[in-house]
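Okay, here we've got a single chain as structure tokens, the form predicted on its own, with questions on binding and movement later.
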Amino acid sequence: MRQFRDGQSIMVGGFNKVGVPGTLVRWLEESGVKDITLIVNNCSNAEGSIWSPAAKMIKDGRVSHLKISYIATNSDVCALYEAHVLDIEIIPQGTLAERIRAGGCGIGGFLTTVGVGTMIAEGKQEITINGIKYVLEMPLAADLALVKASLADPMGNGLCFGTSKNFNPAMASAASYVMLETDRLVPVGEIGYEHVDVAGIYVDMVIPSAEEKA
């Protein structure tokens, strides 16, 4: 698929196994691309996991940079880091979400007390306001976002059920090209405008899911 290219930065939505665009993740792995920067909340390497194709890319050395919040579900990550095969940036979950949101909104950065005085703050600018020390966190955007909606119309307007709202809407706003996978494709207008989580204006391609529903 021409949308996948070597050297891209790629965001993949989902929170644990909820809201993960499994079909698109599988297509990404099958495309053979390499040297990518992968931006995810988590990426389990458990056998049969919906994340398995992405975990395989990491293990095979096709991911050169990993920006992630939670690595405990992937037993390969630490060994690859120690072997200098994989560059990892661990980002606190709330900070990751806010950096992506900032990238989508055009915000130049934001201040947070999370990580002050720890390894998280190393190399980052610290600013003191009213006696409180903050870390300046920079926005995060990507070349490509693979996101998931529970329902979507052909224009790319998507509704995300439950915790699948985590990361998918924000990532859709923060990438140059967005591929939206949906469990169910519905006619335009069936999703009320007040229920749209992923706005079609951000979406470039809509893909029906080929994954079994959990």
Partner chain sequence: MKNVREFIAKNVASLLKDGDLVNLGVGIPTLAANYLPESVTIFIQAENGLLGCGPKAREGEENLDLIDAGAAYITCLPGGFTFDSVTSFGIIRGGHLDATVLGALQVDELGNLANWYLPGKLLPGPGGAMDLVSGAKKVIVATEHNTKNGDPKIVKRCTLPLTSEGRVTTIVTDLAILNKTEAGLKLVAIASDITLQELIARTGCELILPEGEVPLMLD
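Just so you know, these numbers come straight off a predicted model, no measurement behind them. Residue numbers count along the first chain shown, from 1.
Another form exists, predicted together with the partner chain; not displayed. Remarks below refer to it.
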- Looking at 29-37, 168-176, 43-51, 56-64, which one sits within 4.5 Å of the partner chain in the predicted complex if you count heavy atoms only? 168-176
- Contact test in the predicted complex: I91 vs the partner chain, heavy atoms, 4.5 Å: yes
- is_contact(N16, the partner chain) in the predicted complex, heavy atom dist at most 4.5 Å: yes
- Message: Taking the partner chain as it sits in the predicted complex, is M205 near enough to touch it, meaning that at least one heavy atom pair lies within 4.5 angstroms?
- Response: no
- Answer with yes or no whether A141 is in contact with the partner chain in the predicted complex, where contact means some heavy atom within 4.5 Å. no
- Let me know which residues along 161-197 have a heavy atom within 4.5 Å of the partner chain in the predicted complex, or say none if there are none. F161, G162, T163, S164, K165, N166, F167, P169, A170, S173, V188, G189, Y193, E194, V196
